[in-house]
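The data below hold one chain only, encoded as structure tokens and taken in the form predicted alone.
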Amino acid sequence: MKYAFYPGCVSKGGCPELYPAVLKVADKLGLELVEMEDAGCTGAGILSREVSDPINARTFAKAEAMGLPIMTICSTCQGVMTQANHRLKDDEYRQMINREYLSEEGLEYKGTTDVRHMLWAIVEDYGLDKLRDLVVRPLNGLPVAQFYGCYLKRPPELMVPKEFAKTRKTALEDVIEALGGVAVKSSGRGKCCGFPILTSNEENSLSMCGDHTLDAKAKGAVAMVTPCPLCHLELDGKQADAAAHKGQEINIPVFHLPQLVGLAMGFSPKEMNLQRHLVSTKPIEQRLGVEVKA
């Protein structure tokens, strides 16, 4: 299985622990990643489709020329790209984008590129049975709350179409259970984490972060996992502030998807860069029998 790898900006910026974890886990899974080094930001946060659609069309055209589907590791990137790709299925609109924006580089997007999140690649392309076979450090009933974020399931007609409903509705839960854990369904698992409004409305942002993490904890989770680095920036990075805002202790570790998979496959906490997290993962490491050094 070979993909045009789109790492996005956060995996090398705000969450640099994610990028190397992805490479190690993908290699173990046999997912061949050809990194797209000349691709722009998806335009997440830009309200103007006139700006973001040509940027994404350029990325799609490059992947199309490689003859490969795109693999993302960010729910936000996946959501923005999926919606842009849907609009670009319109022949007249796509031809206008090609003519006005891509032709200068000698590029043309024909509308055939598939964009797939790593979560979907694991569940749909690799398979849960094969994933179970690679588990050497099972989670042993570890209760983990899944946090999809707001993009990976919405809008449902694009993100969870009928042909993928059986796999995508419960993809994170299924991965957790394939690794030997127990999936804890927090009420906020498909909602916004609060990151998008952090700078404009910090109080509400921290309330959202606190609500999600406290709800997961109240339902019995001892850890959370997310396929979105922006959600990780909020749920891990702002958790201490959210706890102070709520006046309650939270202290629940938040894993990137490949980190949790990697731990179960036998990678060390250092190889998964868990030392970079603000909320310590040491209690989870101890629970899994991983040697914890002072």
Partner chain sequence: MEVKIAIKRSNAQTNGKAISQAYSIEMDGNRTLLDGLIRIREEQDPTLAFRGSCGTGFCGDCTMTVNGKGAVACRTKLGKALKKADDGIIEVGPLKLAKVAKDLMYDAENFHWQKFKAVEPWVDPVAPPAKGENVVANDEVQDLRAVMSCTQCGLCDQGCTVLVVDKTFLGPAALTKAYRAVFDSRDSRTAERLQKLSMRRGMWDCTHCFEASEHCPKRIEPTDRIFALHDKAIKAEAGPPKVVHHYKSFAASVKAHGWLDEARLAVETEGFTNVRGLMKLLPFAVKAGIKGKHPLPYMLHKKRPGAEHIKRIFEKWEDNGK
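Please read these numbers as outputs of a predicted model, since none were measured by experiment. Residue numbers count along the first chain shown, from 1.
Keep in mind the form predicted in complex with its partner chain is missing from the figure; the text below concerns it.
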**Prompt:** Does at least one non-hydrogen atom of Asp133 fall within 4.5 angstroms of its partner chain in the model of the complex?
**Reply:** no
**Message:** With a cut-off of 4.5 Å between heavy atoms, is Leu23 one of the residues that contacts its partner chain in the model of the complex?
**Reply:** no
**Prompt:** Is Cys150 a contact residue for its partner chain in the model of the complex, using a 4.5 Å heavy atom cut-off?
**Reply:** yes
**Message:** Just checking whether Val34 would be counted as a contact of its partner chain in the model of the complex - the rule being heavy atoms within 4.5 angstroms.
**Reply:** no
**Asked** Among 23-31, 261-269, 38-46, 66-74, which stretch sits within 4.5 Å of its partner chain in the model of the complex, heavy atoms only?
**Response** 38-46
**Asked** Does the trio Met1, Glu177 and Ala216 actually contact its partner chain in the model of the complex, every residue with a heavy atom within 4.5 Å?
**Response** no
**Complete:** In sequence order, the residues of 147-181 that place a heavy atom within 4.5 Å of its partner chain in the model of the complex are Cys150, Tyr151, Arg154, Pro155, Pro156
